[in-house]
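Encoded as C-alpha cells, the following chain is the form predicted alone, with no partner shown.
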Amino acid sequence: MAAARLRLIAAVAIMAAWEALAASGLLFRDVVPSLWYIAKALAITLADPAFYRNLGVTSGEFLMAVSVGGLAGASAGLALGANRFLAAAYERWVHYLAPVPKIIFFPALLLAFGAGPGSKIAMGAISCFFPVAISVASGVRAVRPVLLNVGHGFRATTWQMATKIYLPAVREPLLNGLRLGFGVAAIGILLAETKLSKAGIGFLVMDSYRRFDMPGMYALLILVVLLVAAVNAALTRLNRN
C-alpha cells in the first residue's frame, strides 16, 4: 500500500509540474499543452478507427519481429552456452554488437526488404535478437551439471538435450531476455515506422508532429507507454509463476 501511495503521489506531482509548465508560458505555445487538451486528444484518438488500423499494423510487425528475433536469439544462446568452440568464436562479437544502435542498420534493411513491413520486422527482430541470445547463453552455463550428467547418461540426442534439459532450465533467463528484447524491438519498430512509412503508430506520431498537433502526439505517446508497460507487466508476472 505504501508503494502504491508513493507512486500515486509521484504521478500527481509530475502532472502538477506539467500543468504548471504549460501555464507558465516559458515554452512556445502548445509545445507543452495543458493536460486537459491531451485528455481530449486521448478521447478522440481512442474513438478514431484509424488508430486501431495503425495499431494492428504495428502489432503485427511487432509479433513477427519478436517471434523471429526471439527464436533466433534463443537458438543462438543455446548454441553459444553449450558449445565452447562456438562461444570462443562468436560470443565476443555478439557482445560487441549488442550495444550498437540498431537504427544504423535501417538503410541496409530498406535495401534488402523495401519500405514495407519487411524492413520494420527485420529492424525489430535484430533488436530483439541480442538480449535474448546473451541472456540464454548465460542461463545455459548456469545449468546444474547433474542435469547434464543425467542427459548424457541416458544418451540423449542434441535435440533432446536442448528441449528436455536446457530450455526448461533456462526458462527464467529466456523470459528476462524476452522482456528486454520486447522493449528494444518496440523501440526499433516505432523508429523504423517514422521513416518512409505510411502506416503504424510511429507514422501516426510523426504525422501529428508534422501537423503540429501536439496534444494528439502526446496522446499517442501515452498510449504507447501504457501498452508497452502492460506487456512488460504480463511478462514479469509470467516469470514469477
Partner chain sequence: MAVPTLTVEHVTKRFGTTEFGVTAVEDFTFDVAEGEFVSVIGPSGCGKSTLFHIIGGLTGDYQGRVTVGGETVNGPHPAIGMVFQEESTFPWRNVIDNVAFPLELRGVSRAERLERALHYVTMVGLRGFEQRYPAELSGGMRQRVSIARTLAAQPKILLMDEPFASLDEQTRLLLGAKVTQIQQRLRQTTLLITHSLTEAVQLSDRIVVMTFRPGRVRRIVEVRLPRPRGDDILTSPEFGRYVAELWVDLREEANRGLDAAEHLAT
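Positions refer to the first chain, counted from 1. Because the structure is predicted, anything quoted here is derived from the model rather than measured.
In what follows, reference is made to the form predicted together with the partner chain, a form of this protein that is not presented.
This chain is drawn without the partner chain; in the predicted bound form, the residue among Ala88, Val146, Ile104, Leu111 with a heavy atom within 4.5 Å of it is Val146. Here is the short version: of Leu71, Val150, Leu97, Ala115, the single residue with a heavy atom within 4.5 Å of the partner chain in the predicted bound form is Val150. Residue contact with the partner chain in the predicted bound form: Gln160 places a heavy atom within 4.5 Å of it. When the partner chain is considered in the predicted bound form, Ala156 lines it closely, a heavy atom lying within 4.5 Å.
In the predicted bound form, the partner chain lies within 4.5 Å of some heavy atom of Lys164. Among heavy atoms of Ala76, none comes within 4.5 Å of the partner chain in the predicted bound form. The candidate stretches are 133-141, 117-125, 89-97, 167-175, and the one lying within 4.5 Å of the partner chain in the predicted bound form by heavy atoms is 167-175.
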